[in-house]
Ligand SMILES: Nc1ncnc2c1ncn2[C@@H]1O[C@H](COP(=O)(O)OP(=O)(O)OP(=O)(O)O)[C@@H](O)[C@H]1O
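As structure tokens, one chain now follows by itself in the form predicted alone.
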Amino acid sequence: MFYPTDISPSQLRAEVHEALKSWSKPNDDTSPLSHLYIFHQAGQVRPANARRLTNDLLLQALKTMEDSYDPFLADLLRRRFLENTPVALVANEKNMAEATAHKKQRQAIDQLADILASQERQARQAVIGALEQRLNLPALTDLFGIDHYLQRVGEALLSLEPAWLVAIEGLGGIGKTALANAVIRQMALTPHFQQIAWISAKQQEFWPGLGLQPTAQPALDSETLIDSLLAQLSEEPLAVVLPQQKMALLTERLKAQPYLVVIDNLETVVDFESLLPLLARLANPTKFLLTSRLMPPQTGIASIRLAELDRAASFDLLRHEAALRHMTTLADAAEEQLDRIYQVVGGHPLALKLVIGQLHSLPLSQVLDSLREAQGKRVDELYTFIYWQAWQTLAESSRQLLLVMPLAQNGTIDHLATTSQLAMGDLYDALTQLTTLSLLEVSGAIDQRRYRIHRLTETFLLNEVLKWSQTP
């Protein structure tokens, strides 16, 4: 079951009215409020039929209305629906006309619906906030043109039947991690999974002065995966045990209850050959969500491949990103101007964001003329070209910070200062420029910001760092 992302005020008011009218149906096992997360949450605390859960939610909301908002309206609803008093009698008791009583009733239902909506938002925020903190998730970004992908991935994960392994495929920068990130927030609000884990497969290690050192070793081996999952899914630290015992403990846990495990950036054939037998052994009822540029042919994997954004979704993304960066001219640009960008860049989300970053300091015609030199090449080559152009615009402090980001992924401001050796003033300037150019992603709570670069940015840094660092 999916809980709708947005709460429609008018729809919720109608549902609250219906729930109030059904107050005296004790054996009713349906509820107009069953789509709310707080309804599911109440059932976890005290299992009961749908009518009892619904009435408990209404009672709690009425108590809040009585204590903190309008006792008169709360009493009116109690008399009308909980005590089933005719409106004419209530109007007489309250010394008002019957038409006024109807009007007050509508006001009371609106207020009760607003209270429930506020409780729903708070409950969802608490669950998602705890998930973000526990898994240290990437920042949630606004996504465009992916509703059908969200639906497909969600249905595959919630299905009680195989496939137990679900893969999101697509080019680098197309939005695989962002989609997985959005999906698990939906999954966290369902009763389906006992818990969610998130593992990132890191492919290379980078050391300044050495560059990228290729290796035939898998980015994520079985032992590391098992240790990481046990650490994430265990409430208390585990005593040191043998590898066989760890495997037995993890298998028992994942087989007893359905968990959801995300393995992000599982890219190479070596990775798949190393891990797929283990994943197949651990799956059912637990499900694994993989993100990869290209899955090798495998049976038993539900693969969903992301395509680039269509023209309309690309325009939506361009306008949204421009508005975030206060680039009013671009946000309000005519479709003909946005189409000039789309015709050159296509619908690759990261490429579009990088182009917007360049438009902070360069005119559109110059950016597009430069990009046409790379048009028709492979997407990876287009990204390389865009990154190279962005590199040329960076201040020295920004270059210095960007070069050490592979060593400081998801770091705090203090971590970045230590790793980059920049003075705080220079570090703040570098953070501002890199964020403006869409080269740096910011996440975390407002008092504990964390910084990371996109996986594709890291890949190009690792491949090009020696050449770029020598560029005057």
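The shown structure was predicted, so the numbers you read here are calculated from the model rather than taken from an experiment. Note that residue numbering begins at 1 and tracks the sequence as displayed.
One more form of this protein exists, namely the form predicted in complex with this ligand; it is left out here, but the text below deals with it.
For the three residues A322, G357 and Q389, a heavy atom within 4.5 Å of this ligand turns up in the model of the complex in no case. Picking from 335-343, 227-235, 106-114, 172-180 the stretch near this ligand in the model of the complex, with a 4.5 Å limit on heavy atoms, gives 172-180. The closest non-hydrogen atom of E441 lies within 4.5 Å of this ligand in the model of the complex. Although the partner is absent here, L371 lies well away from this ligand in the model of the complex, with no heavy atom inside 4.5 Å. Contact between H192 and this ligand in the model of the complex is not found at the 4.5 Å heavy atom cutoff. Proximity of S303 to this ligand in the model of the complex falls outside the 4.5 Å heavy atom cutoff.
Site annotation in the model of the complex: the residue of L254, L317, A156, A91 reaching within 4.5 Å of this ligand with a heavy atom is L317. The single contact residue among L275, A101, A197, L350, judged by any heavy atom lying within 4.5 Å of this ligand in the model of the complex, is L350. Interface residues of 424-461, taken as those with a heavy atom within 4.5 Å of this ligand in the model of the complex (partner not displayed): E441, H454, R455, L456, in sequence order.
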